[in-house]
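Heads up, the chain below is alone and in the form predicted on its own; it's given as structure tokens.
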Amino acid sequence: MTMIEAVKGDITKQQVDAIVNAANSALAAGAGVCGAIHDAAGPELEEECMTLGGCPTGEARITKGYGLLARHVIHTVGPVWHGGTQNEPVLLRGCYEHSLKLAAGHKLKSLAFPAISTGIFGYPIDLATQVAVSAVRTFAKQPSSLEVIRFVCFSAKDLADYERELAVQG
């Protein structure tokens, strides 16, 4: 059975097989979570990302982890929030589903997610946690290599939102 948990912490310091990067469509180093991951991994990460040809919103790509504790980085491009009128929940769910499928396809045992799209992309955290927890819980019902799926929260407020949603969705 897959353990699903939420913790407050720094995603770049997670001891898991892969961390998920809230990336931009060019997979270039950016700000926020993306910038922190690229800084911690080193320049080789961006070099590999530039060979991938980008990534559409709602999909994911995998690279090596380089200077990170995690062996891999799964890059996913979340939707920019436009009030929920431009398919944002479906695209956000796709981020989680594609990331989980990539992790399982590479036989990874542990995966850590940030709160995708809730930073500069403006997705409301309470709505984003509903989508994230639902997607992860649905995936975890299927057999896969994943033993631990972790939501890594930057703030105590985000952690409280994830803990509440994990309890609500049982």
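Bear in mind the structure is a predicted one, so any value in this text is a computation, not a measurement. Note that residue numbering follows the sequence shown and begins at 1.
One more form of this protein, predicted together with a small molecule, exists but is not displayed; see below.
Note on the interface: of 118 to 126, 56 to 64, 104 to 112, 43 to 51, the segment with non-hydrogen atoms within 4.5 angstroms of the small molecule in the predicted bound form is 118 to 126. Within 4.5 Å of the small molecule in the predicted bound form, a heavy atom is found for not a single one of 6, 136 and 140. In the predicted bound form, at least one heavy atom of residue 22 sits within 4.5 Å of a heavy atom of the small molecule. Taking the partner from elsewhere, residue 152 is found to have a heavy atom lying within 4.5 Å of the small molecule in the predicted bound form. Contact check for residue 147: every heavy atom lies farther than 4.5 Å from the small molecule in the predicted bound form. In the predicted bound form, at least one heavy atom of residue 36 sits within 4.5 Å of a heavy atom of the small molecule.
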